[in-house]
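Presented as structure tokens, the chain that follows is alone, the form predicted alone.
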């Protein structure tokens, strides 16, 4: 185990408390995958954790202490029982001194396997067996767990898709029965899970599974053909997505740019100039165009930005004897189009000659 993680566990234990790694880090470690998010459960109360770690910035939040080190993000949570869920949050949280009871409140058995600082496995709910059998099994009463927090529906499907695991039969049946609860989730939460599904190499099988389970319509997305690209904007560019999903301005620009290139059905000097190399590479993967061809075309571009035009805006105005205006901008864009098409050389004298011919 990494020395940073062992150090945190021992800090808690040296103050007289229990401490175990639990959740995704343990699951991924047993699957041979790397993880930088470390969840720790303990019988130390939040006030005890603050005293132990003396955090300067990230104080206790919802009974958890979160902080970052050079390699990891730690989330340390006191053993608890949660009752009376309202809108995905428990209305009552009781701190307890019992590891097993804390594990019972969690979602799936594969996320309730613990490790101590000696890397001994503590697994009272059989998560290791389900992990070996590639099975997603809910902890406790399945219907109740999904009703308490409908996000567990999407999480179950996401784990099934990204890990290549099967849904346990009762869990699968209850997901079908409770699929409508996904509609109660915020679009932010829906997107968090959808992002992970779309970035999975099993995305096509995943989307089909969402349809089989009756969840797809509640995600409010549509698609016809889909090519896997390891970029979330490239994936969304191939979907019809509800306007209720929030994308950043940058994401929207990238998605719309890729869509325009896809609609064009090809990559040329104009698309390379307008959208840049990376966006064209993403679109090229969707269109099935070889990266070498795109890279070679970009390297051969006669001009890559307006800053590379071999004459200044003010010089153009002086030659034409006009004031700066929208018409001059239109003219500049026309010249850039000619340069990209190989009909005009990006050389000062050639551009001046072109402008003077226009005057005549």
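Nothing here was measured: the structure is a model prediction, and the numbers come from that model. Residue numbers count along the first chain shown, from 1.
One more form of this protein exists, namely the form predicted together with a small molecule; it is left out here, but the text below deals with it.
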Q) Which of 130 to 138, 154 to 162, 176 to 184, 222 to 230 has heavy atoms within 4.5 Å of the small molecule in the predicted complex? A) 154 to 162
Q) Which one, 105, 172, 285, 191, lies within 4.5 Å of the small molecule in the predicted complex by heavy atoms? A) 105
Q.
Quick check on this chain: which one of 111, 237, 78, 269 has a heavy atom within 4.5 Å of the small molecule in the predicted complex?
A. 111
Q | Partner proximity in the predicted complex: residue 149 to the small molecule, non-hydrogen atom cutoff 4.5 Å | A | yes
Q: Although the small molecule is absent from this view, report whether residue 196 comes within 4.5 Å of it in the predicted complex, heavy atoms only.
A: yes
Q) Hey, with the small molecule in the predicted complex, do 23, 27 and 39 all fall inside the 4.5 Å heavy atom range? A) yes
